[in-house]
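Below are two forms of the same protein chain, given as structure tokens: structure 1, then structure 2.
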Structure 1
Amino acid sequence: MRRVVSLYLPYWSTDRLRRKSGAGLAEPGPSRDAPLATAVPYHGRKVIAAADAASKAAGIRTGMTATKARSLVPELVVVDGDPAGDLAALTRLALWCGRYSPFVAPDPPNGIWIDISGCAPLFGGEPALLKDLHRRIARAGYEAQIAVADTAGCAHAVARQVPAGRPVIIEPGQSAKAMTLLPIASLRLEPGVVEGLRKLGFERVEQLLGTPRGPLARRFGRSLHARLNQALGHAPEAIEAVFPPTQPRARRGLLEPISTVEAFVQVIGDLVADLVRQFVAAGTGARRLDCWFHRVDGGIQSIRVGTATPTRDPAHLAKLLAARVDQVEPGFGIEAMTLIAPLTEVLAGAQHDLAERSERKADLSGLVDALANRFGQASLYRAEPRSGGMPERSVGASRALDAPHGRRWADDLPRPGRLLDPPQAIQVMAMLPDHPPAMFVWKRKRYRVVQADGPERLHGEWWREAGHEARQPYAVRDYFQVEVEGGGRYWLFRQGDGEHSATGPMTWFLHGAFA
């Protein structure tokens, strides 16, 4: 499901001016309270291009001549507008919004698109994402109205027409319903069309929906229903994303739409080759790659792969991407593909041929990446000794490609090959205080102990003793290694030292099996 955020900055130009003056730049800016407007030359006159909240309240409208505005509000401060600067700043802000999603685009003159499809869970859901966005924009000194909906048109309309003071969320599937009550001006139509519709008595989108389309289209052109369909989600609307200028990316437009895995792999090979040339020139390697598949119907599918170490090996990168291609739903076909590297790291030139060891390590990183992309980074690890008192806490995990830690466990204590986590309660016959069990029952099976070794007393970590750990409030365990009839060896422990009930309730557990 596509979810598009429209970020509307109603006072973008004037807020920018205020922010500049607040930052103490050279030009002494207008004071905080005075109404502020910008003006641009238009046919030999100066007309108002943007007005802030105070001047709007006083009756200033865009398109008014500056002279008339001054006569209406004598204390009005009129500053020369800077449309090019506004647009450049809007693009920078859009790139900043890339923290929420890779799909961002400026929506001139004073809006930004963010396609957050699939991104919301990373921020704890849509409400949290929008709240965070709103808070950060507001803190930067900009008035913002935010809406999210299934279609760009609906989000755009709601953000501009519903001044709720907080982000508005149109739930999935509710776009059409939300649109019906909005005025026709929210449809992004040309001004003449809105005037014409008003004259005919159309005020709300609802009325348009109930009217036959043919006569309206003859009078007002196709764009009317094109916009309506986009807002209702009947027609696709593509957002052309912007990228940071330094981000390596490659794009291939295709003569014929493609939809087979083989064709994708072929194009991926070309894209990777393009990207690797950029990596070599910049002396970097990829840590993350996004591949976007632009569908014929305007939708975009994307796959993402990560690498454990920066790499620019074309075969390796192509292989990682190719392994994910089966997730792409091509629909009616893919007409263009884009490969970008959102995360790169410096990668010095390496000589693979000289040292055999480094070559072997490079091989391993390829394998580790392939496995990590399939099973997740967390399921690939090396065991690492930890300073935990209890066996289950003595093993930590380190990343698969980290430098060897070189540490080992104490090699004189018996440890089982298979550990039961959590330990399982057993019934035991044993003499107190320090004798090993003579018999134990586990899973309704009786094991007679032939020989035993122990106890090995383990103390819990002192910082856990004070009831931090509800499951294991007792700090002392006596471990016995026992051999049962038939030769099987098990690791049993008793909670408590066998004499003082304060150290534990003397219950027995099976914690593992030996070789």
Structure 2
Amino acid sequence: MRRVVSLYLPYWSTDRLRRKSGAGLAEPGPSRDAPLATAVPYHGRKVIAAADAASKAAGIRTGMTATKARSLVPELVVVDGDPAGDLAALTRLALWCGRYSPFVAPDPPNGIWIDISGCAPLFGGEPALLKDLHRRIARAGYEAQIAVADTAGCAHAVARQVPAGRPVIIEPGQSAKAMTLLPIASLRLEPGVVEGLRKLGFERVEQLLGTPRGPLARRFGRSLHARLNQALGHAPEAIEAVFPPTQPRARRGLLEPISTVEAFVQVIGDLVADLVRQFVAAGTGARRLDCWFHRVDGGIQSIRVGTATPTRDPAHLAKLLAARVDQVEPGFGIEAMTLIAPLTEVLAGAQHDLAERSERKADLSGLVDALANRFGQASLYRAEPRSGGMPERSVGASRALDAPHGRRWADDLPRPGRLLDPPQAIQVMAMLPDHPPAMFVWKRKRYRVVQADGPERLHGEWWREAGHEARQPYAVRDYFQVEVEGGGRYWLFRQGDGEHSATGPMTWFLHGAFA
């Protein structure tokens, strides 16, 4: 389900002026109490291009001449407008919004699109994401109205027509219901079309929904119902994302739409080659790649892959992307593909040892990348030693290719590759106090021990301030490695030293199995 945020900045130009003057980035600007407006030349006159809240409350409107505006509000401060600067600043703000989604775009003159599909869980849900966005924008000194909906048109309309003072969330599937009571001007129609519809008595969107489309389309053109269909989700609406100028990216426009896996893989190979050349020039390697598939109906599909270490190996990167193209739903076909690298790292050139004196280590990065992209980063880890007196607390998990921190398990005290957490109770036949088990029963199955080694005595972590060891400071575990008939090797322990009841209840547990 697509989810689009519309960030509306109703006083973008005037807020920028006040923020610049307050930050000392420009000459002393207007006071915060004085009404403020910007004006631009138009046919030999200066007309109001933007007005702040106080000016609008006093009756100042965009398009009004500056002379008339000053006659209405003598204390009005009129500053030369800078539309190009406003647009450039809006684009920079859109790039900053990339912290919430990689798919952002300016919506001139005073709005920003953020496609947060699939991104909200990273921030704790949509309410938390929107709250954080609203708080940061307000703290920067900008008035903001925010809405999120299934369609860009609905989010755009609600953000501008529902000044709730907080982010508005249109629940999935409710865009059509939310649009019905909004005015027809919320459909982003040309002013002449809106005026013409008003003359015919249309004020709200719901009135358009109940009217035959043919006569209206002949009179006002196809754009009327195109906007209506986009807002209701009946027609797709593409958003042209922006990227930081330094971000490596490559794009291929296709002469004919493609829809097969073989064609996708071919284009991916070309895109990767283009991107690798940029990596070489910048001395970087990819840690994350996003491939976007632009459908002919305006929709966008995307896949993402990551790497454990920076790389610019074209064959490896193309293979990772090709393994995920089966997730793409091409619809009526893909007309363009874009490959970007949102995360890169410095990758220095490697010098081979001509004398072959150094020992070559196995390169596992390719295997790790393939497994991590298939099963997820969280499913791939490496067990490593941790400080702890008890086995269950002496093993930790780290990322597969993290540098080792130097700790090692003792070679003479082997530990099983698989630990049971928690240990499972078993029934054991053994002579006290130090003889190994002769037989044990686990999950109703009897195991006869043919070889055994032990005991290895472990005392509880008496220094802990809470937990089992703190309550029983004399607790003891006697561990035995045993081999049973059939070849299975297990790690058993007895809770207690076999003589003193204060050290444990003398019950037995299975704690792990050796490979």
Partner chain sequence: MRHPAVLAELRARIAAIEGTSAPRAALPFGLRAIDRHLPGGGLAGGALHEVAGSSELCDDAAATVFLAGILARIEGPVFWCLRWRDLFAPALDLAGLAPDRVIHVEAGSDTHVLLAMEECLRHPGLAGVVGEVAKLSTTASKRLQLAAESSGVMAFVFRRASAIDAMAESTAAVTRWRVRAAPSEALGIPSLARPRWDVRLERVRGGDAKSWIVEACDAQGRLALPALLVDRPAAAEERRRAG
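Keep in mind that this is a model prediction, so the values were computed, not measured. Rigid core here is just the name for the largest C-alpha set that superposes within 1.5 Å across the two forms. Reference numbering: structure 1, starting with residue 1.
The chain as displayed in structure 2 is taken from the form predicted alone.
A movement of the C-alpha atom of Leu380 reaching 2 angstroms or beyond is seen between structures 1 and 2 when the two forms are aligned on their rigid core.
The Cα shift for Pro41 between structures 1 and 2, taken after rigid core superposition, is smaller than 2 angstroms. Residue displacement note: Pro416 has its CA displaced by at least 2 Å between structures 1 and 2 (rigid core superposed). Per-residue C-alpha deviation between structures 1 and 2, core superposed: Trp491, 5.2 Å.
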